[in-house]
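Encoded as structure tokens, the following chain is the form predicted alone, with no partner shown.
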Amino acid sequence: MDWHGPFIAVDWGTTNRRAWRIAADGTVEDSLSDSGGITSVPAEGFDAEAADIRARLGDLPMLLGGMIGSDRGWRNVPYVPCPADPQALAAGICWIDPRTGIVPGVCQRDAQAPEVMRGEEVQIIGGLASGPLRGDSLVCLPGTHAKWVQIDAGRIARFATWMTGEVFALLTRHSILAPLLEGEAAPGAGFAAGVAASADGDPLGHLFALRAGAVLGIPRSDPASYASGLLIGAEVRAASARFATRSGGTAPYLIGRPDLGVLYAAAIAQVHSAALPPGHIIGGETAFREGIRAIIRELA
């Protein structure tokens, strides 16, 4: 199969999907974004969905990443073990047909710290290929299940996951705190107070204090941002401690959505008493596209 010309890159997640028609030089010629994540597609429906993507973006070779390669996706693609690089990911592609492939995720086969990721590995490879990310660095990818990844010599060497986003979503929707946590979390005094409170290692106790304060008529201002700061602050402190010796104390990079990136950048700056350097925040969509391009270069 000739991968030298234009192609389609698909980031197919659990609840959403994004796809781009990309020219040989990397120019985005067209795109689509919708709520057609894997949970909305029946097991026998992925062939038709892929055909629909081609009908909308062009009859081109297509490489897919993300949860589409999970046990709930089109194929359950085996993980590539750490350390992983573009060559290993290219070699592990599951080919649906000669011009349709699914990029494998990456796993950490450690009995004391088992880990898996799908989709983030493409973004990391893209960050390395396009320049912002250094070959030896620490990377944070905020999200429902936030990843902190150690890069050594341009390879994904080790990583850890925090369920911060999912826990925050559960608190806002299904906990006794839900009525207090309405509105969007944002950087500011409330968020900073939460990050500061996380320093004592007791975020669960501080969360209940939100409820107690409301009952006693001494509510905390901006409780949603405070709760977000508690959880993200606890994550940043734990990840920084875990990877401190490996990262050499250098500032981490952030890859992902701008709204989450702003919160994480604020927490990291507060915990480390220094703002992230310019260029340390990388857009997730751009990184994914560049990662697919880097993997395709291993195929061409």
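No experiment lies behind these values; they were computed from the predicted model shown. Residue numbers here begin at 1 and follow the sequence given.
Unshown form predicted together with another copy of the chain; subsequent notes refer to it.
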Within 4.5 Å, heavy atoms only, one stretch in 90 to 98, 125 to 133, 155 to 163, 183 to 191 touches another copy of the chain in the model of the complex. Which? 155 to 163
Answer with yes or no whether L231 is in contact with another copy of the chain in the model of the complex, where contact means some heavy atom within 4.5 Å. yes
State yes or no: in the model of the complex, is some non-hydrogen atom of A238 no more than 4.5 angstroms from a non-hydrogen atom of another copy of the chain? yes
Taking heavy atoms and a 4.5 Å cut-off, does A209 contact another copy of the chain in the model of the complex? yes
Do C82 and another copy of the chain share at least one heavy atom pair within 4.5 Å in the model of the complex? no
Members of 141 to 172 lying within 4.5 angstroms of another copy of the chain, judged by heavy atom, in the model of the complex: H145, K147, T161, W162, M163, E166, V167, L170, L171
